[in-house]
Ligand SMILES: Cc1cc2nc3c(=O)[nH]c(=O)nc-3n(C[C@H](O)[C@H](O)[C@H](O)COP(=O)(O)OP(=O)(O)OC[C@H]3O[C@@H](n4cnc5c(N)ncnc54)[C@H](O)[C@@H]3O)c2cc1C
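As a starting point, one isolated chain is supplied in structure tokens, in the form predicted on its own.
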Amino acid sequence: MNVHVEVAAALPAAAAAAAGALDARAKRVAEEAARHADAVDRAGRFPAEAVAALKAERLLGIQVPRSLGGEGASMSEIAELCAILGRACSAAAMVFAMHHIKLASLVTHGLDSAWHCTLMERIASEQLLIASSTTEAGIGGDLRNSLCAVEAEGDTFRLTKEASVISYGAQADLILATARRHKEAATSDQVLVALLSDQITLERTSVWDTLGMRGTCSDGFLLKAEGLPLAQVLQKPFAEIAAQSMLAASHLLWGSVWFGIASYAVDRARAFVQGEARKKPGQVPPGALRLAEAANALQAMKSTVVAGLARYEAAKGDPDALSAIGFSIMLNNVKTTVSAQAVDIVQRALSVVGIAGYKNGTPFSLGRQLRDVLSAPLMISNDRILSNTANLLLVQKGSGKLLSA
């Protein structure tokens, strides 16, 4: 996606070299992920080989600050890696994206907590894989409300959560879970709790058997933790964490995964049309026009993601800017726009390659990519996001300017 060039056009030589090194590491992971992507999809199994490669390349801790043993990677650098992985294996890319979405919350909001700083050191040194538990039985997909609560007893707490979905929960080394601050708190008064895998029990309550994104293994679980130090609870309100880090990371990194899927589909369509052109020199293949349309849509999709990343990088470190209504609307628009574009682009590419793309096992097969990308408008539901945007627009004042928010 080349966001390094487009978001930061004049990187210092050392930073540019580091970005290139990250890309090279991600491409090695992508090669491994691609070898197993079809098997992961067919069996609906965790992309274990790809995640092992991510750990071997030490890409799970790159967002951790250098002072804590990480590499201080930016959101734009991580987005580039999501796009690279998205071309190879949607499930592996989504696992990587979801890991860094949760890590963004720790990096942004955990630096004033000694316990969480030590945790980040462990993530960097041990390459711990982070999962998220924000959805809950009884509240649907509303991550801003919780029924379960942190139940404190002195300096320790217990937590029981009926999690309708925990992506790769059984494979994660660490789960960040939302819960009410205490038993009497309102459902919207939430905190984020860090739970190491050896501190909890997970009882599977549902199995992830889906059309696409099968390898994310997003099963449902009854999560239980007991006798854990209260220090593991981030005291900052989850509403602030969501607004200032999680919302941006989710929409921008998911969008980068979807861009990777869409760009792979367009490349397959391009290769198909080029092959047809070689068979009949001097004639423009029938699919060339559809290819041009798909390439145009891909460029628009890329521009949307890159512009969102640029806005985030400019606002990073400024809580007021990150919590501004206009910023939230922009991020919502990135998600709804890019998720719809991704589906459209893959469908366009499939129409170009025709039956060769519809069949499995051909050089132009796009069935897996189409099934995977169909999840994009559903994570989180575009209708839910558009409803939220509509409410925000009721109180926003428009500037009418091209180059400002």
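Each residue number is its position in the shown sequence, starting from 1. Bear in mind the structure is a predicted one, so any value in this text is a computation, not a measurement.
Below, we refer to the form predicted together with the ligand, which is not included among the displayed structures.
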- [ ] Specify the contacting stretch among 220 to 228, 126 to 134, 315 to 323, 112 to 120, defined as having any heavy atom within 4.5 Å of the ligand in the predicted bound form.
- [x] 126 to 134
Task: Non-hydrogen atom within 4.5 Å of the ligand in the predicted bound form for each of E31, A37 and P363 - done: no
- [ ] Indicate whether the ligand has at least one heavy atom within 4.5 Å of a heavy atom of S375 in the predicted bound form.
- [x] yes
Open item on the list: Residue-level contact is defined here as any heavy atom of the residue lying within 4.5 Å of the ligand in the predicted bound form; does A243 satisfy this criterion?
Closed with: no
- [ ] Flag V165 as yes or no: does it have a non-hydrogen atom within 4.5 angstroms of any non-hydrogen atom of the ligand in the predicted bound form?
- [x] yes
TODO: Check whether C82 has any heavy atom within 4.5 Å of a heavy atom of the ligand in the predicted bound form, and answer yes or no.
DONE: no
- [ ] Only one of I380, V64, L370, V338 comes within 4.5 Å of the ligand in the predicted bound form by heavy atoms, so just point that one out.
- [x] I380
Open item on the list: Can you work out which of L252, L103, M213, A269 has a heavy atom no more than 4.5 Å from the ligand in the predicted bound form?
Closed with: M213
TODO: Determine the residues of 81 to 98 with a heavy atom within 4.5 Å of the ligand in the predicted bound form and present them in sequence order; the list may be empty.
DONE: M98
